[in-house]
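So this first bit is one chain, no partners, the form predicted alone, shown in C-alpha cells.
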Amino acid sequence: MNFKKKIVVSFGTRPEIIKLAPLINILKRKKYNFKLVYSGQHYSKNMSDVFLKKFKINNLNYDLKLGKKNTSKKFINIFFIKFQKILKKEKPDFLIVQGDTNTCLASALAAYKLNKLNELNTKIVHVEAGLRSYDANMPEEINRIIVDHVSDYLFAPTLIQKKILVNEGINKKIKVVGNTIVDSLKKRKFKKLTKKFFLLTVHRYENVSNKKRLNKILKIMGTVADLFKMNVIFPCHPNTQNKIKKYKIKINSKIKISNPIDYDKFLILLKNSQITFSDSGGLQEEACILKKHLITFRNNTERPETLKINSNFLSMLDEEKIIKRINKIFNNKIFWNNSPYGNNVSNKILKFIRYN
C-alpha cells in the first residue's frame, strides 16, 4: 500500500466500534499509516472492552478512559482539550469520525479549530453524514449537524441524506456510499433458536430520563407480552436498569431483564426475534438489513429510509397503533425486498479518501 498520508480515527462508544471496525481492519490489513484514539466515552467492559476485543481492535494508540464520572458537557470539554494535543503531535492528513456521539463532536471541533488557526491542515471525514431527526431535544441531533458543517468529506448512507446536506448549503465533497454496518453484518451465520420471543432495548436519554415515558414503554411491553403470550427478552443498559430501580417501575413477569450481552449473542436474538422493540438508531439499520421487523419507541427518526421501505415503525408510544402493527406483521402484510444500505462501504470510503 503506497499511501503515506496519515489517518487518525477517533471513536469512543460501542456503536462507533461496531461501525468503524470494518474500516479499521482494512487500514490494518492494507498497512495504512494510521493511529487510533479511543476516548472511553463508553467505559464499562460490557460497553467497550468486550467490543474492542470482539472486533480485534487491539492496537489503540491512545486510550483515554474519560467517560467514567464525567457528565456529557465535562466529557466534551476534557476530550476536546486532550484531543487537540494529540492532533498537534500526530499532525494527521485525515481525521475520521463516525456518527453523532460526543466523541465525534469534540474530535471534529478540535480539528476544525486547529485548522482555522493554521496549526493543522487536516481533512475532517464524517462517516454516516446527513442524518436528521429534526428534533432539537436530542443531543445527537445537534452533534451531527455541527459535525456535518465543519467536515470536509461527508459520507452519506443514502440519497436522502445527501439531499439534506445539499439543502443545508453544504457544498463540500459528499459521497453516497451506504452504511458501514453492512460490512459488519455480511457473511454472518446465525444459530436458530426454537423458542418464540420479542426483543426489547431502551437506552435513549429522552426515554430513560423521563419516568412517565419509561414507565409507559414498559407498560406497553407488558400488555404486548400478555396479549400475544410471549416473553420479552430485555438486555438492559446499566443506566436504564438504574432508572427502573430509581423510579420503582413494576415489571411484567414476562419481561426478562438481563445485563448487556455480547454483540454476537445480541444479533442471534435479533435474527430470531418475532419482532424487536427499541429506541436505538443503529438497530433500525441492523434490523432492516437482517430482514427483521422493528417497532421504534420514538416520535421521529433520522433514518427515514427504513420507514420508506416499511421495515421500521414509529410507535409514538401509542399502544393501540403498536398492537395493530404487530397484527399486520403476524398476518404477513408487511415486508420489504432489499436494504438501502449498500455493500463494501468501508472500501468505498477509503478509496474515495485515497484518490481525492
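Just so it is clear, the structure is predicted and the values come from calculations on it, not from any experiment. Residue positions are given as counts along the sequence shown, with the first one as 1.
Unshown form predicted together with uridine-5'-diphosphate; subsequent notes refer to it.
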Q: Counting only non-hydrogen atoms, choose the one of 190-198, 218-226, 253-261, 78-86 that falls within 4.5 Å of uridine-5'-diphosphate in the predicted complex.
A: 253-261
Q: Verify the contact flag for residue 43: yes if a non-hydrogen atom of it lies within 4.5 Å of a non-hydrogen atom of uridine-5'-diphosphate in the predicted complex, no if not.
A: no
Q: Check whether residue 204 has any heavy atom within 4.5 Å of a heavy atom of uridine-5'-diphosphate in the predicted complex, and answer yes or no.
A: yes
Q) Is residue 183 close to uridine-5'-diphosphate in the predicted complex, meaning a heavy atom pair under 4.5 Å apart or at it? A) no
Q. Using 4.5 Å between non-hydrogen atoms, is residue 112 touching uridine-5'-diphosphate in the predicted complex?
A. no
Q: Would you kindly say which of 280, 241, 133, 158 lies with a heavy atom within 4.5 Å of uridine-5'-diphosphate in the predicted complex?
A: 280
